[in-house]
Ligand SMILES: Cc1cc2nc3c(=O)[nH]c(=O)nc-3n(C[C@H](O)[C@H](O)[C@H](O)COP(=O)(O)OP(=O)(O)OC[C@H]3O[C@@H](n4cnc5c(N)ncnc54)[C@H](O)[C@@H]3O)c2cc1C
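Only one chain comes next, encoded as structure tokens, the form predicted alone.
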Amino acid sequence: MTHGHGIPPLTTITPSDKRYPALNRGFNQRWIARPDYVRMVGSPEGAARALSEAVNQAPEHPGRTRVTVRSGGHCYEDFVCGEDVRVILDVSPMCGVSYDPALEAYCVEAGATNWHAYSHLYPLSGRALPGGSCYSVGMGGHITGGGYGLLSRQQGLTVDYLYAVEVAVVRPDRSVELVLATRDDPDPDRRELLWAHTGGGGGNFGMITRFWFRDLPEPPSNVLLTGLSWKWSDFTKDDFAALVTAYGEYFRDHQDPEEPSGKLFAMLKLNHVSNGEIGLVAQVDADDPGGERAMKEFLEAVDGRIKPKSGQMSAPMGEHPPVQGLRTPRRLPWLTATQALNGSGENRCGKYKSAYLRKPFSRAQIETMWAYLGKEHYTDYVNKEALIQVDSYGGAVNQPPRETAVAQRDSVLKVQYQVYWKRVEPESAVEKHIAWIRDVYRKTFASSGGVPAINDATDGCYVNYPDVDLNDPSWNHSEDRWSKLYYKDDYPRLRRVKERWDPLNVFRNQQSVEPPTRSEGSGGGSGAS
């Protein structure tokens, strides 16, 4: 332990500490680091001191040079817990939620999780961030990537309400400064720093300590929530195509957040056939007089268009437990419904990919998914934890109240490809899992270079679902680099922010924002999230 004057102590955890094996990894058990130490940080001043000490220490191992930052630990790639990491600065003890009268805004510390934000902020204020459904995701990364969730079609993204951010930044002389940047800051450089945190991704510019939000929305007092499933064994290819098409067309055609149908959010869980089920979770504002009718019409449009009969959900699907007892939509208090969906899955390894869709899936894309989910291709591949999750999107997301660094603002669907496995599985099995997700993704977007390139049908990828395959020309045959797929035309501006606030490129990983001096053709350096 080290102590400062009036500053909470910093707890330093070295490899000999019994806590070390639990703190050198995150949510994705695929990535386990061997840092010299993990530092638990409990205050902004402590963050600045810990960062200063870390960046001014000489590396003991030439292969371990990065200093990374962790809030919830949900980074999907090895950006936080990579083999080249020297120090992990863990801000999870810094998890307060409060009202700040000086800034006239709600303050959420960077180590808070989605569940902190819901269970603490809502009872105190009646307001909520429209964030994600996995309770343990940390705010430090979730918000900065443009976090979204079940309220987003009704109320937009978390970053649409971000007013200020506090960041510990490293100056050219390796000194560390705590910078408070606000939306209306008189300093244009600080305004740009705030803008960069409205979708520019975590681990790019500095060590985030606190966020402030203004004009936060009130969630509904009650919602209608449903969870149902269909048996895979009941599906023909035409049934599958009818389901996926009906789902996509519904959200293409219901994009007005003022209408109850434009507020409805859903997740279609296209699990591998070995799971046994295809799942659907949907939620709508029950305070809206038209909410019940909107849910009924949505289920008629999707479930009513196919021959297989729906029933209760019984199998875990991706990061969510089975939503049981809700085959018939049920009216629940919003916070209760949010808790019912809470889950992050068991301890396991994973690989992920993403896509923004401006149009529903084409017939060719649907046939590819049908094949790779185990019906015609990869029939010898069995994994009940492989899935393609299709989230509804748009609505209020596509009507932002102000400029942010989230470039994708006209999509109707957001897709997350997921595959999971146990860490004890042999390398040959792991190779099959990764081959499956790479192949289905490449084939689905074959017409645009194996990725959801920027065109009239697709609009790139979600930075909070990072995928280093986008850096690799073996998998990305398009003209769009990974940076274009994440940030579109905002990338040069983000690079200027990087040059101003992280001139030494301390915060770096395989897909971190590149300093302008770096050659345009190179990949990212090495980082924090």
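So that there is no doubt, residue numbering starts at 1 and follows the sequence shown. Please read all numbers here as calculations on a predicted model, not as lab measurements.
Another form, the form predicted together with the named molecule, is not on view; read the next lines as being about it.
The putative spot formed by 199, 459 and 485 is not touched by the named molecule in the predicted bound form; no residue has a non-hydrogen atom within 4.5 angstroms of it. Checking 80, 281, 264, 117 against the named molecule in the predicted bound form, a heavy atom within 4.5 Å turns up for just one residue: 80. Out of the listed residues 76, 232, 445, 370, 76 is the one that sits within 4.5 Å of the named molecule in the predicted bound form by at least one heavy atom. Shown alone, this chain has one stretch from 179 to 187, 269 to 277, 134 to 142, 242 to 250 that lies within 4.5 Å of the named molecule in the predicted bound form by heavy atoms: 134 to 142. Although the partner is absent here, residue 319 is a contact residue: one of its heavy atoms lies within 4.5 angstroms of the named molecule in the predicted bound form. Contact between residue 148 and the named molecule in the predicted bound form is found at the 4.5 Å heavy atom cutoff. In the predicted bound form, the named molecule sits within 4.5 Å of a heavy atom of residue 208. Of the heavy atoms in residue 72, some are within 4.5 Å of the named molecule in the predicted bound form.
Along 454 to 485, residues 462, 464, 465 each place a heavy atom within 4.5 Å of the named molecule in the predicted bound form.
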